[in-house]
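This document opens with one chain alone, in structure tokens, the form predicted on its own.
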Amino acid sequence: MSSASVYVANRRPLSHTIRRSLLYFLTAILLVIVLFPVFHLVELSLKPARDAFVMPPNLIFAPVWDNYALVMTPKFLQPLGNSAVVSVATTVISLILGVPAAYALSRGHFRRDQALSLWTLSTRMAPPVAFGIPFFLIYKQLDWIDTLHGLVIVYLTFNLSLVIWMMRTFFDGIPTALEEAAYIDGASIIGTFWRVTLPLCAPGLATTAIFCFLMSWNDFFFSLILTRSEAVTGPVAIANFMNYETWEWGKISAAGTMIMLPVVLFSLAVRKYLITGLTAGAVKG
């Protein structure tokens, strides 16, 4: 072996280590940038009001729980419960209605299937503000203003298209040979869908469910327009801590942390399926 070959062989691990270290360094910087608002929100919720915006900021302090105690009242807990009920109901109903529709579009052969898919996607193209006044006028006639089922129906209008488009991609990635084998063994269409196809789409179901839950949980616009007091959700309740006299930053931060926490815990619980679903959903078999 020549000296040049030995030199290249020795240099290759060093260059690989440098590239890997640089990648870790850039990833760490990106994580700091992305997670800094979350850290600042939690930090602000644990500080006394007098220390919230002191300069320079106090990074080392004794945490206090006064802000959480102040928001743990029916004025905020009821809207938080409304958010949970509406988000869970919307997610479940969206999956029940959207998953079979996505399977039909994936496996069926319609004359206008592409046009139908495009029409489904077009329901998400207009901004929500374009539907605010029509929904308000319709709900006023139906006496659905300030009702939980009214919010569920509104959220279904934009979650269904999300479920159909995401799940169709996952169904397209499952080979039809697996279903044909189940048919040969005597399984029905529903039995094959329930016992073969759906379990294989578990990562896709988890990913879709998380996105549906997030879309409903974080909604502010429709809840602000279509609710008054009884059906107010968490994001709108946070706005009540802002008034003309002062903005109660401690309460706002504590309420924001409480709204963020269930989503974080849910995402951590299904992180395995979430990562698999986000990577597998973009690949067709």
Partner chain sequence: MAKNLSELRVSRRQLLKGAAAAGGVTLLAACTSAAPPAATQAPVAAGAKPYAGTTVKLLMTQIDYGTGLSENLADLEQKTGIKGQVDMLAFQNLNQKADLELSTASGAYDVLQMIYIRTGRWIGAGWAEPLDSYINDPNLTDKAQFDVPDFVSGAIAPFTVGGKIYAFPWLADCTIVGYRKDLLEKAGYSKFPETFDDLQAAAAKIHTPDVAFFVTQNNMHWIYPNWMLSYGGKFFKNPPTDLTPMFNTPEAIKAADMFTTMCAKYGAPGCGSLEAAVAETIMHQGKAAVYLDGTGNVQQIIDTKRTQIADKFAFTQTPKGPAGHFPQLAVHGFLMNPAGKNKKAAWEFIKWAVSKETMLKMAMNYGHIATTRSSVLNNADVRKKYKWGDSDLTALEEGVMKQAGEGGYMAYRTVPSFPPVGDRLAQAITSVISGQAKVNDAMKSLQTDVIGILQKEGVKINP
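As the structure is a computational prediction, the values presented were derived from the model and not from experiment. Residue numbers count along the first chain shown, from 1.
Although it is not shown, the form predicted together with its partner chain is what the next lines describe.
- Among residues of the shown chain, Thr27 is not one whose heavy atoms approach its partner chain to within 4.5 Å in the predicted complex.
- Contact between Val236 and its partner chain in the predicted complex is found at the 4.5 Å heavy atom cutoff.
- The shortest heavy atom separation between Ser161 and its partner chain in the predicted complex exceeds 4.5 Å.
- Interface residue remark: Trp144 is counted as part of the site for its partner chain in the predicted complex, having a heavy atom within 4.5 Å.
- Interface residue among Ala187, Ala89, Ala101, Leu77 relative to its partner chain in the predicted complex, by the heavy atom within 4.5 Å criterion: Ala89.
- Though its partner chain is absent from this view, in the predicted complex it lies within 4.5 Å of a heavy atom of just one residue from Leu118, Met125, Ile138, Ala181, which is Ile138.
- Contact annotation for the candidate site: Ile153, Arg228 and Asn243 all lie close to its partner chain in the predicted complex (heavy atom within 4.5 Å).
- For its partner chain in the predicted complex, the listed stretch (59-67, 35-43, 255-263, 220-228) containing residues with heavy atoms inside 4.5 Å is 220-228.
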